[in-house]
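The form predicted alone is given below as one chain in structure tokens.
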């Protein structure tokens, strides 16, 4: 059984996942940031945070925000594993498009048992990343989830290989797919307009002009490393 999961609602599990994702950027999860990710009012966050703190899943740092305890991190990673294995199974075995699996996985992850998730993962050959390039936590709760630079961090003339992108916005995924920007593809920054203007990116022989907002949501690895 996932640690602490028996007493948690699906909403509480969603909170833990979101707090983990925000913490990946090196900061405590502020109430406003949690509310924004969950599309709820900030005033609604405080009560749930207090309940999670009483269960030993989070600690509140005054004036900074919320951080997961080791127990909370284990639960969050198990939920993230469920989500990403489900996405992988839906795409690989059931023919879902990579832009349409996030919401479906969100609905299924709270009901799926650990055994079912492990069987799905085994049937897929225990993949290490999901269809969007995000690392899948292992059954033992470990994960290779290092912080990565984004496309917008490249200097003109530099290139990098697409590692991952967020699965939360189907329209963005469809747009990136139309441009040929997917995990594993090498991109080169050809030009950057001044004053936060758009970027010109080479994808193979094609050239595309994309906005800074898009460029901050595509994570890359340096091909030289």
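Definition used throughout: the rigid core is the maximal C-alpha set that superposes within 1.5 Å between two forms. Numbering follows the first chain given and starts at 1. The model shown is predicted, which means the values in this text are computed figures rather than measured ones.
As for the form predicted in complex with the DNA, it is not shown, yet the points below apply to it.
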Among 164, 51, 161, 192, just one has a heavy atom within 4.5 Å of the DNA in the predicted complex, namely 51
Counting only non-hydrogen atoms, the one stretch of 195 to 203, 55 to 63, 152 to 160, 170 to 178 within 4.5 angstroms of the DNA in the predicted complex is 55 to 63
Practice item. May I ask you to state whether residue 31 is within 4.5 Å of the DNA in the predicted complex, using heavy atom distances? Key: yes
Looking at the partner-bound form in the predicted complex, is residue 12 within 4.5 Å of the DNA by any heavy atom? yes
Does at least one non-hydrogen atom of residue 184 fall within 4.5 angstroms of the DNA in the predicted complex? no
*asked:* Considering non-hydrogen atoms and a 4.5 Å limit, does the DNA approach residue 42 in the predicted complex?
replied: yes
Check: Is residue 64 one of the residues whose Cα moves 2 Å or more between the shown form and the other one, with the core superposed?
Finding: yes
